[in-house]
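Let us start with two forms of the same protein chain, each given on its own as structure tokens and named structure 1 and structure 2.
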Structure 1
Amino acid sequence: MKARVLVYAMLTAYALISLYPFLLMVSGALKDSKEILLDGHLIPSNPTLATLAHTWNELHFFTYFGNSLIVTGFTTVGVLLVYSLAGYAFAVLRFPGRRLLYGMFVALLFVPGVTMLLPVVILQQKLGLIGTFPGIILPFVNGTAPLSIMLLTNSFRAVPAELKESARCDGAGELRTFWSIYLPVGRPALITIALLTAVPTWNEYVLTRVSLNDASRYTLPLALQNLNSSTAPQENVLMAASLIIVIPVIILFVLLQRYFVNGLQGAVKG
């Protein structure tokens, strides 16, 4: 009994630490421009929604939300399409050089992001893609290659060979077998990869910052940062803007969390 109390006390303490940044966002967003300058107390003495309303207008949320949606949507669809095909080939088909190719993708896992950053920006320039959506979507898609290929290859390998054989007997071609047998069976892995791609892409900051130069194409994280640098706003505005941009992801996470948790476990284990 005593142990149980201790366990709950510990979990609650860490839960409070986890919630602390979000409490700060809510608290800051409810303060007005005078109160934000005072001591960092969490409970606003006269809470106001004016800051949130003002920030909402300043942030042009839906413009940047649209940009984030385009970037994240195309990246996720691209990842699912390109790497499910590759995963199928690696798991099911025999062809010379497949081990080498597979190893090449896995090796990409060890290249630090900062090592790729400058060459990627230079490549964007050479291809005339600097400051465009395809210019960031292509490296984003490629960046998930190691994890996506490993997960999908593993999950396609687990499909019983009899399923494939029976499809063959029914006269299904390779593409047909892939599409109507393997993709449906691999759905949990596909959902996992979609989430593991979409969330980091939605939140990505560094590559978008160095390669998107036109503010009209900014994604939400950049819009938040832009708000900070352009008008030098106060902390209450920054907290309100942070709150606005994290809410959609939090809702999505709470709805889909079992896929997240299972997926992450599978991803790191596999």
Structure 2
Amino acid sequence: MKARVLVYAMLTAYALISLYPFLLMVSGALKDSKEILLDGHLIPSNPTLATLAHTWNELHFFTYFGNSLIVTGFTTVGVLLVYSLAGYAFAVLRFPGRRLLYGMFVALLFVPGVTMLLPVVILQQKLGLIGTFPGIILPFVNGTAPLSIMLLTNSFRAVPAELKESARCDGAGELRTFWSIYLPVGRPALITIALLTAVPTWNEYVLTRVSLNDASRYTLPLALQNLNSSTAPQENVLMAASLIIVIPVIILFVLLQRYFVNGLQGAVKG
């Protein structure tokens, strides 16, 4: 009993420490420019929505929101389309070199992403994709390959072989079996991968900063960086902009968290 209480206390302390930066951001977004300089308390003494309204206009939210939505949406759809087929192939089909190829994809999990930045930029230049949306969407899709393939392969391996045999007896081919049997069963894993793809893509800064040189194609993190580069950046405005940017991600996670947990559990069991 004492051990359980100690574990809960440690988890609670860890949760509070983890949440503190987010709470600080919310607090700063609700303060005016004077209060954030003079009052370091977490709870604002005179909370106001004026900072959020002002930042919303300064950020030109809908312009950059549209760009972020295009990049994140196409990346997520591409990942689900390509790697669900790859996961099916590794889990169900038998072909020479299957285990070696699967092992090579999983091994890429241990390669730091930053080491691939220069080769990706060189490839973008050679293909004429620098400064375009496809130039950042394709590397994002490729970057999620190891984890997506591993989760989907494990999820599809958990599908009973009897379902596949029944589909074959009904005359279904590979694509129909994949579409009618494996995709519905693997829905929790697909939603998990969609979240694991969408959130980092939405927040990604380094590759988009290097690739995009046209301000009209900036995503929301680059728009936030523009605010920070102004002649007199205000902390409350920066915190309000950060809060505005993360709200869509929080809403997405809250809506899909049940599937996210189930997908991870299914992938681990598989």
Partner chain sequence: MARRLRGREALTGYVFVLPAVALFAIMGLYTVGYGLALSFAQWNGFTPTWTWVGLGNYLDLIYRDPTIAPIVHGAALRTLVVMIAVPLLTVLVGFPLAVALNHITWLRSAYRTVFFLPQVTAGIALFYAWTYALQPDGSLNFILRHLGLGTIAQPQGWLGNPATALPTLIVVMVFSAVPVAMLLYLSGLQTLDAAVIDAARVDGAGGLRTMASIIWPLLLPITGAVTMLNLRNALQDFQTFLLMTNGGPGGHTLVLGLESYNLAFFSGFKPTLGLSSALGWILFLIALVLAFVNLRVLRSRA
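For residue numbers, the reference is structure 1: its sequence is counted from 1. Just so we're on the same page, rigid core means the largest C-alpha set that superposes within 1.5 Å between forms. Because the structure is a prediction, the values reported are computed rather than measured.
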{"item": "Which of the two shown is the form predicted alone", "value": "2"}
{"item": "Per-residue rigid-part match between the two structures, residue 15 to residue 57", "value": "yes"}
{"item": "Swing of the smaller rigid portion against the larger one between the two structures, to the nearest whole degree", "value": "13"}
{"item": "Following rigid core superposition, Cα shift of residue 22 between the two structures in Å", "value": "3.6"}
{"item": "Cα displacement of residue 11 between the two structures, once the rigid core is superposed (Å)", "value": "6.4"}
